[in-house]
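Shown below, as structure tokens, is a lone chain in the form predicted alone; questions about how it binds or moves come after it.
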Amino acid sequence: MLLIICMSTLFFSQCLNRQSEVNDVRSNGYAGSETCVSCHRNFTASYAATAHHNSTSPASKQTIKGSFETDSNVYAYKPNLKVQMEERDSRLLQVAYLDGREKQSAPFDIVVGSGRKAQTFLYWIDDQIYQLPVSYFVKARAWVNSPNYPADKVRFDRNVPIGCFECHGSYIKRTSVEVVNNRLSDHFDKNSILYGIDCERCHGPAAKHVAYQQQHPDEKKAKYIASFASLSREDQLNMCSVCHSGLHDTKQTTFFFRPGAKLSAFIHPDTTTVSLADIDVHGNQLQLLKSSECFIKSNTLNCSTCHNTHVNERDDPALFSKRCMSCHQPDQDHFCKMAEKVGPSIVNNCIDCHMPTKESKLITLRSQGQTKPTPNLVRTHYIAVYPDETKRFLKDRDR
């Protein structure tokens, strides 16, 4: 009888492991984030509203923020040249017209961007992915020319490499690479894409963890999965820097970077010296943070000091200000020198003065009729004193 029980337990364990791995295209011990829901329902529910979770998604009228209604569905390059967003036979398309005649069209297949600031759109041709010519600027409620596309012609031919998905998705399988016009061109398995940043992208493969916890439901201590809190400060920063430290040449795909792994095994180190003024606010948050006096003088400050990645906390300066004041106490020398002038409202917003939004040089959007593109605004992670922003803050407060 004991032998039968042991064999049954072993069989159950093996089945769980096999089932978990089969459910996720990454295999290699991955379980698939849907297996997290039964034990972590609160986390998964709140995480579903975050920008990380929604960084990519299948295209639909629900995920695309722009309108397909007449008079709101056009981007005009010239009076006789335009792209129109259309729905035909349940397909969503971008259609280019020249002198009123259709010249080219392509479907909305993939949405990149959570919809808070802007979205751009991708489409498949066989096993390759390309960017559509028109993006959407959420705050302006307008269709715009896709970043770095020409302002006077329609292009559908920008090939999208795996690197875009390594920061905006959880996985896509690259099947081959070829050189086209002196550039690398990636081919993918169309059925392998995992949208958004999922649980295992940050916590590592969980099949063994899921199998153990399901067999031991009363065990409260998590087994066979890395605890973020148990990582060293550098390892914690490395987890975020995979995507939040700018573009890098990779040694191997960062899809399989795991908590505690050596970042140098995945990314070639950047040995160049760049001034703060030349660090773009889009995607380079780690370098900016590490240059901040707050970071330099602290032994513990890291990304999670301010960010709870399981919850959508955007547009809540009072919440982030409380986290600033966990270190910057009013009775200490390093409290804000403007406190007396600002008054009680200082507890509601440290951010706009000390981490203001700055223009990105890399990501710009050209609305219809604009002669110059509008830079995307991103909150800088270089924590400092910004006199002009302080004056602006005081002026807005006194209105």
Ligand code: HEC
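For clarity, every value in this text was computed on a predicted model and none was experimentally measured. All residue numbers refer to positions in the sequence shown, first residue = 1.
Separately, the form predicted together with this ligand exists; it is not shown, and the next lines address it.
Listed stretches are 87-95, 203-211, 186-194, 74-82; the contact stretch with this ligand in the predicted bound form is 203-211, by a heavy atom cutoff of 4.5 Å. In the predicted bound form, no residue of the candidate spot (Ile64, Ala106 and Ala151) has a heavy atom lying within 4.5 Å of this ligand. The listed set Ile129, Ala142, Val112, Ile279 contains one residue whose heavy atoms approach this ligand in the predicted bound form to within 4.5 Å, identified as Val112. Residue contact check for Thr44: one or more of its heavy atoms lie within 4.5 Å of this ligand in the predicted bound form. Contact check for Phe256: every heavy atom lies farther than 4.5 Å from this ligand in the predicted bound form. Using a 4.5 angstroms threshold between heavy atoms, Ala261 stays clear of this ligand in the predicted bound form.
Although the partner is absent here, Ser38 lies within 4.5 Å of this ligand in the predicted bound form, judged by heavy atoms. Within 4.5 angstroms of this ligand in the predicted bound form, the stretch 328-366 places a non-hydrogen atom from each of His328, His334, Phe335, Cys336, Lys337, Met338, Val342, Ile346, Val347, Asn349, Cys350, Ile351, Cys353, His354, Met355, taken in sequence order.
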